[in-house]
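In the block that follows, a single chain appears as C-alpha cells, in the form predicted on its own.
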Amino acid sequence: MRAYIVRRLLLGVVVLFGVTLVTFFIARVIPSDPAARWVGGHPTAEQIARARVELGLDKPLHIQYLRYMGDLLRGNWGTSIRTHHPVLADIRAFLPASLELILSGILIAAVLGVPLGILSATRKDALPDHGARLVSIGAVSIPTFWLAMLLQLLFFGYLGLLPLGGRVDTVVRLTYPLQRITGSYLVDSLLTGNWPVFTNALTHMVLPALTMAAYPLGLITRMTRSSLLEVMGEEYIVVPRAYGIPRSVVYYRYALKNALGPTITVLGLTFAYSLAETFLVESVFNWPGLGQYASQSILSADYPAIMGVTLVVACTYVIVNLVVDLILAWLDPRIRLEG
C-alpha cells in the first residue's frame, strides 16, 4: 500500500509538470498583450514597455518558464494581471464558494442517485425502472445553463419561493456580519452560531446545488443500475437467493457493496470535473466562485490566473483518483493496488 501511494504521487508530480508546461506555452500564444492589460486603460508605449519588464515578458519563453517553476516551488503562483492580487490569494478567496456548491450538488446526487439506481436494478423492466432511466437520461441530457434558468424562472419568477442568485442577501450580510473561518457560508455560520446567515445562505444554495446535482445524478443512477445488475448475475448472489436468504439481505449486504465501485469512481471524477465546469452555474446564479474567477481571467487573458486555476484542477484530479483507488481497495479486498 505504501509503495503504491508513493508511485501514484510520483506519477502525479509528472502529470502536474506536464500540465504546467503545456498551459504555460499555450497561455503565451494567446493573441493578447498582458502588459497592456496590466497597465490599465489607454496605456502609452513607454508604460507597456515597463510593464513587460516588470512582468518578465521581455525574456525568452524558456527563461520565463524556469522562473515560473522556481516561483511555483517557493509558493509564489504569480500575480493576477486583472486583479493585481497574488493568484494564490485569489484562489483561496474564491475556491471555498465553489467547493461549497460542488459538494452540495454531489451530496444531493449521491443521496438521490444511488437509491434510484438500486430501485431501477431490483425492479428491472418494471415501471420504476423505466421512470428511473427516464430521470437519469433527462438529467444527463439537459444543458446546465438551460436548467439553471428554468429553475430561476419557476422558483423565483413564478412561485417566489427562492432567491435568484448570490450567496446571501446584502441586508443579511450587513446586518449579521459573518466571521470568515473556512470561506463556506454554511460551515462558518454553523461554527459561529450565526443562524440568520445560515438560513439565508441555505435558501440561496438550493437552486445552484440542484443544478450542479443534475448531471452527476444521471451518471450515478445509470452506473449504480448497470453495476448492480451485473453483480446480481454472479454465483455468490444467485446461490444465497436459492438457499432462501431474504432478497433484501442479499442485495444490500452482498451485492450493493461490490457494485458501488464504479459509482464511487464516477463520484470522484465528477467532483474533479465539476471544479472546472462550474463557470456556467456560477455565471447564471452570480456565484462568486472559482469558475467565475476562471472565466473572467480567460476573457482578460490573465495567464497567471489561468495557470493557477488549471494547476488546482489538475491537483484535484490527481488526489481524487488516488483517494478513489484506496476506497475501492478497502471496499473490495480482491482489488490489488498495482501499477
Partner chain sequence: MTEEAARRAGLGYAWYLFRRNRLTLAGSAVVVLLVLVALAAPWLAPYPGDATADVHPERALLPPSREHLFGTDELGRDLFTRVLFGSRISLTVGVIAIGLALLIGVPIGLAAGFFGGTVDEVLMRVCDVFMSFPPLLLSVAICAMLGPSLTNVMISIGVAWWPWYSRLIRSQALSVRERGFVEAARAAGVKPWVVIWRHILPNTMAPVVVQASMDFGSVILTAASLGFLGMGAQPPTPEWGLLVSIGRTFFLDQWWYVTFPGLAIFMAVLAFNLVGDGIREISDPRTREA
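Positions refer to the first chain, counted from 1. Bear in mind that the values here come from a model prediction, so they are computed numbers and not experimental data. Note that the rigid core is defined as the largest set of C-alphas that superpose within 1.5 Å between two forms.
Keep in mind that the form predicted in complex with the partner chain is not shown, yet the notes after this line are about it.
Participant: For the partner chain, considered in the predicted complex: do all three of 54, 94 and 206 come within 4.5 Å of it, counting heavy atoms only?
Facilitator: Result no, not one residue of the spot touches the partner chain.
Participant: Specify the contacting stretch among 126-134, 72-80, 108-116, 171-179, defined as having any heavy atom within 4.5 Å of the partner chain in the predicted complex.
Facilitator: Contact criterion met by 126-134 only.
Participant: In the predicted complex, does residue 15 have a heavy atom within 4.5 Å of the partner chain?
Facilitator: Heavy-atom contact with the partner chain at 4.5 Å: present for residue 15.
Participant: Just checking whether residue 225 would be counted as a contact of the partner chain in the predicted complex - the rule being heavy atoms within 4.5 angstroms.
Facilitator: Residue 225: yes, in contact with the partner chain in the predicted complex.
Participant: Quick check on residue 190: any heavy atom within 4.5 Å of the partner chain in the predicted complex?
Facilitator: No, residue 190 stays farther than 4.5 Å from the partner chain in the predicted complex.
Participant: Residue-level contact is defined here as any heavy atom of the residue lying within 4.5 Å of the partner chain in the predicted complex; does residue 63 satisfy this criterion?
Facilitator: The answer is no: residue 63 has no heavy atom within 4.5 Å of the partner chain.
Participant: Here the chain is shown alone; which of 150, 238, 245, 89 has a heavy atom within 4.5 Å of the partner chain in the predicted complex?
Facilitator: If I apply the 4.5 Å criterion carefully, the residue I get is 150.
Participant: Give me the residue from 249, 202, 164, 161 that has a heavy atom within 4.5 Å of the partner chain in the predicted complex.
Facilitator: Looking at 249, 202, 164, 161 one by one, just 164 meets the 4.5 Å heavy-atom criterion.
Participant: Determine the residues of 289-327 with a heavy atom within 4.5 Å of the partner chain in the predicted complex and present them in sequence order; the list may be empty.
Facilitator: Sequence-ordered list: 295, 298, 299, 303, 306, 307, 310, 313, 314, 317, 318.
Participant: Quick check on residue 271: with the core superposed, does its CA move 2 angstroms or more between this form and the one not shown?
Facilitator: Not so; residue 271 is displaced by less than 2 Å.
Participant: After superposing the rigid core, is the C-alpha displacement of residue 316 2 Å or more between this form and the one not shown?
Facilitator: After core superposition, the C-alpha of residue 316 moves less than 2 Å between this form and the one not shown.
Participant: Superposed on the rigid core, does the Cα of residue 303 end up 2 angstroms or more away between this form and the one not shown?
Facilitator: Passes the 2 Å threshold, so yes.
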